[in-house]
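First comes one chain, alone, set out as structure tokens in the form predicted alone.
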């Protein structure tokens, strides 16, 4: 083997162990789940003993109104938490992207919520939402305002608020890092041209931050589809199915209803939903990059 060929292959030799481990850790469980979704499988039998039923589990779920209700709750939950977290996180980053005394202390305080265990977050917010001794209703009562049935009539809104509180710091930290890595020459040029603060944000900062913001939003979207502990502790999916997202329904189907084949089919539906959103966001990213490249080309030709 020539030295040039060996140099080209060296990176692949170093990558090979990690690729093999990732393939085993990712592809095997995924294949196991897909195969199990075609079986009438329960915990009392191994997957090999279960009867093969083809697409029966998928068809059963497709015709199940409870599945569609859980899917609707999941989509609404993910949309609202990601939207509010992106707006609040980016807004805080833009607000604090300056030399402020005690900034290190402020940043530490902002990231504390996402460092708390999800079960603890669920318990904490559940007690704060308590109808009689909870912080929120006691505050309303002191103001002469009737209490609110937070985990009853407004259960989904209450869960959304808890998630926004916990994960907005994640958006804030990444957005602030993106802001501080922007080329200062572009900002200085905008100031010299007389751009206002809002114009700098809208036409300079946000477009340059967009690649980071898209990846950040995608990470939060994926995580929002998989939220389990906080909702389980706060509402257990109730009242009714008002807060039962697909991740919680998968858990209940496997553990309470003991239908592992149906739970595997549910997991595959959730995976397909996430894959569709991921491909959509990657497509949007490429469109943004192509649009920016056209604008740069047009500017160069004008110059």
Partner chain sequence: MSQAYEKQNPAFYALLAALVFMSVGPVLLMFTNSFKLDVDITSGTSGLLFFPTIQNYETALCDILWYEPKHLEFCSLKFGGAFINSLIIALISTFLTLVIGCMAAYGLVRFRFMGRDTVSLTTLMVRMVPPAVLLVPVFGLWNNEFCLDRDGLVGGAIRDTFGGRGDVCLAGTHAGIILVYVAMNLPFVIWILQSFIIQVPRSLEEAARVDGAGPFQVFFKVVLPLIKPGLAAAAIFTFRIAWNEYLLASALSDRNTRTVPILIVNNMSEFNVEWGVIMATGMLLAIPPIIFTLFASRQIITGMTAGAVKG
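Positions refer to the first chain, counted from 1. These numbers were taken from a predicted model, which means no experiment stands behind them. Think of the rigid core as the biggest set of C-alphas that the two forms share within 1.5 Å after superposition.
Only in words, not in the display: the form predicted in complex with its partner chain, which the text now covers.
In the model of the complex, none of the heavy atoms of residue 84 sits within 4.5 Å of a heavy atom of its partner chain. For the chain shown alone, residue 133 is a contact residue for its partner chain in the model of the complex, at least one non-hydrogen atom being within 4.5 angstroms. Its partner chain is not shown here, but in the model of the complex it comes within 4.5 Å of a heavy atom of residue 17. Although the partner is absent here, residue 11 is a contact residue: one of its heavy atoms lies within 4.5 angstroms of its partner chain in the model of the complex.
A heavy atom within 4.5 Å of its partner chain in the model of the complex is found for one listed residue only; from 156, 164, 71, 218, this is 218. Residues are counted as partner-facing when one of their heavy atoms sits within 4.5 Å of its partner chain in the model of the complex; in 238-255 these are 247, 250, 251, 254, in sequence order. When the rigid core is held fixed, the Cα atom of residue 27 travels 2 angstroms or more between the shown form and the other one.
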